[in-house]
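We give structure tokens for two forms of one protein chain below, kept apart as structure 1 and structure 2.
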Structure 1
Amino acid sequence: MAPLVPEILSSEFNLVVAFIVGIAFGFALEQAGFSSSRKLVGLFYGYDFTVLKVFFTAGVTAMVGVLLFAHLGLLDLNVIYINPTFLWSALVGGAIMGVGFILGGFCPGTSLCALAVGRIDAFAFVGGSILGILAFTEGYPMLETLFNSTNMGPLTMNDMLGISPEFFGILLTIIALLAFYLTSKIEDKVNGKTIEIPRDRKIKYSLTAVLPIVIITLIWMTPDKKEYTLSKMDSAQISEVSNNFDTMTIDKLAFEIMNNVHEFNIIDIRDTTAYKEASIPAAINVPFENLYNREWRSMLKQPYKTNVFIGDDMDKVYKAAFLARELGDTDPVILESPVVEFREVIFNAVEPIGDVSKTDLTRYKFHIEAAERLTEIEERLKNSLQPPKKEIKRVQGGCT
């Protein structure tokens, strides 16, 4: 159920959901007639191409859904598991499965579906499958070399062809439509009869056939959620948006770090090299280029701490706050001065001389105290500033 696990579903509840989805899948297979070996092997004899049509329809529907959800920012394609390709073992295994499909009339999934509705031939097929699994397990040492040969990693067809996912989606949809048309003609010829389709139904079929191509074309031609958000951030005029954010002075931030550091995430958006050279005590480093990454979303969205954005390039700092707000941070705050100025004011305070006001003298004493306290905090938190790194991994799974 990736990518819902573990963000939305726990690993344990994932099994319950998988069980329910499995039942629904089996019900759909049975309703489509896939518990009948006669219907399934009709694909090979040319009198019934329902299998091809159902699986092509399912593939195109899933493909359009994945592309659309990814385009809208609802699905992260980087966490979807893709089975690695072991070329030779896949070819040999596919040939064995194809022969078994023709001889037995079932594939592994449909045989269990037929077994569930009590078909006698399915019992024999499943029994043979179990014997095959046992034989493979016992013979694995002899087959291991072939099984693991030609590992090409997680490949996708569009990567292999060097084209965009959207272009491949349109090609696959057109291929599916051609396959539907040609296999219908073959069915008519083999069965010796022509199925007449009423005109109004032809119109509905045509519109349904065009819909995936229209959706994929729109996905291809329009910017996705990330591109739109980053473009919106880039085009934002700082002079126009700066009044929309709360700001914090150097003295205010120093005071809050000294007394209420647990209420703030101080986010240094500079590159890691600049951060390591010198930053503000208690600050964590999230380089500007990484701020959109998924692992930082929970920190930006959390309601318990105030996110304070700091940096040396104030244009970038405002853009970071703008992006954070787009990603769910309801009230980002900006340090109104660069990091280098903060450090200069606090850690290199210059004693006022001559006829100075009481305010200037008080401020100088505060800077001296702040430098001492912040140095202590900096030393204490030196090894524990960055939050635990949250790695985004592909969840293992899929039909292997």
Structure 2
Amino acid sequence: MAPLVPEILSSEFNLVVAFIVGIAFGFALEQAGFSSSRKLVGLFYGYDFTVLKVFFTAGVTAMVGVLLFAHLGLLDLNVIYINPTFLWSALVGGAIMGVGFILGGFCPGTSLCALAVGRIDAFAFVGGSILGILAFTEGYPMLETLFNSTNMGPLTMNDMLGISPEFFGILLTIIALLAFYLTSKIEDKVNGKTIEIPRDRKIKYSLTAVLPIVIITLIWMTPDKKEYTLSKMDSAQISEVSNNFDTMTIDKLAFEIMNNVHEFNIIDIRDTTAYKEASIPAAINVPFENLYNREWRSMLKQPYKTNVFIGDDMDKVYKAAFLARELGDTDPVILESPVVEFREVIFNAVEPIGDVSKTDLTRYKFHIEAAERLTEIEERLKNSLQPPKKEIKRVQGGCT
């Protein structure tokens, strides 16, 4: 699942990516006409709304893409950078930038494009922005309070309004389309001439305009990858037979822990309280509800160790194994008895009395030995085998 940095691509390679997307970014801006200051400010005087058209089209395209990728389980929205909101700083900063836009005729990105094609005013603007940035860094002690006030965190528009992301996506798309329509009217009026759009192109435009709304509506109406996978799990015939899960007996698992503990991930799917109270030695705790989370994906998928699922509610254990298989575990194994039973059998072995068979006696001896060894292993692993605390952090981004 994306983003690919830093899990799949290294941070060093990320700089190469930066360079490549920079080229595409600069090319797009220049082709759109953003290297011309007069074209840029046309937006504010009504003679040229190119900026608005490019800007909104790009924003809506990327937004629909992000929603779609997240829906298909390709992109983790909990990890991507969401610009944090510092209300007053954002508003004051934005207002200052707006004045800068009118006076200077550029914004930073477009000034770099204009500089690249030789516009002298862009050199002046970029020089000015360096001065402005230094004014901030030098004057930081004075601006600090404003800069850090009203921190609302990585808040999204839909959270702020209390609506679903899809609904906000549709709203924003409609606003963009309305803006396109109205500004083209204003443009015609200010320029004193009407640009006639041929009929066939009108149809093409309308169809393209509806496309993002259709895509977002589909995203809205259909279950996302997670919901789909979980519902598949819920409705599946959860039993050992119909799913051909491999199972393990208590004795077998005890034996494997004693001899080959490093070949297994023993995954306790109960909640943390139950796990902390008593579990099986060497087991790690991944509560059932968290199994879908991205941080466990690599463990489920790896081919080197066998994942053994344990728990008390056997139905849940089967479900966990089913989910693990959906998520890429080729061969999940299930401990056929609940954890409590395991502990009972191994740690509270009762000596068989009276006329006992040799097998029973051997088993008893094994349980005694196992109890001793497992306690030892439990002690030894107490600190080292805690689940690899893999918390996936948000990407750092932004321009500060």
Partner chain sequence: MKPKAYMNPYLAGLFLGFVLLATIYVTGRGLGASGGVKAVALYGVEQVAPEHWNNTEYYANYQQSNPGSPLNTWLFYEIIGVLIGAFFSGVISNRIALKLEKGPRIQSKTRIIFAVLGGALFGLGSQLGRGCTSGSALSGMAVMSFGGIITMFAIFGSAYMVAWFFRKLWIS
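None of the values given here were measured: they were computed from a predicted structure. Just so we're on the same page, residue numbers count up from 1 along structure 1's sequence. Under this definition, the rigid core comprises the largest set of C-alpha atoms superposing within 1.5 Å between the forms.
- Here, the chain labelled structure 2 is taken from the form predicted together with its partner chain.
- Core-superposed comparison between structure 1 and structure 2: the C-alpha position of Pro352 differs by no less than 2 Å.
- Superposition on the rigid core between structure 1 and structure 2 places the CA atom of Glu138 2 Å or more away from its counterpart.
- After superposition on the rigid core, displacement of the C-alpha of Pro223 between structure 1 and structure 2 stays below 2 Å.
- For Ser149, the CA shift between structure 1 and structure 2 after superposing the rigid core equals 2.7 Å.
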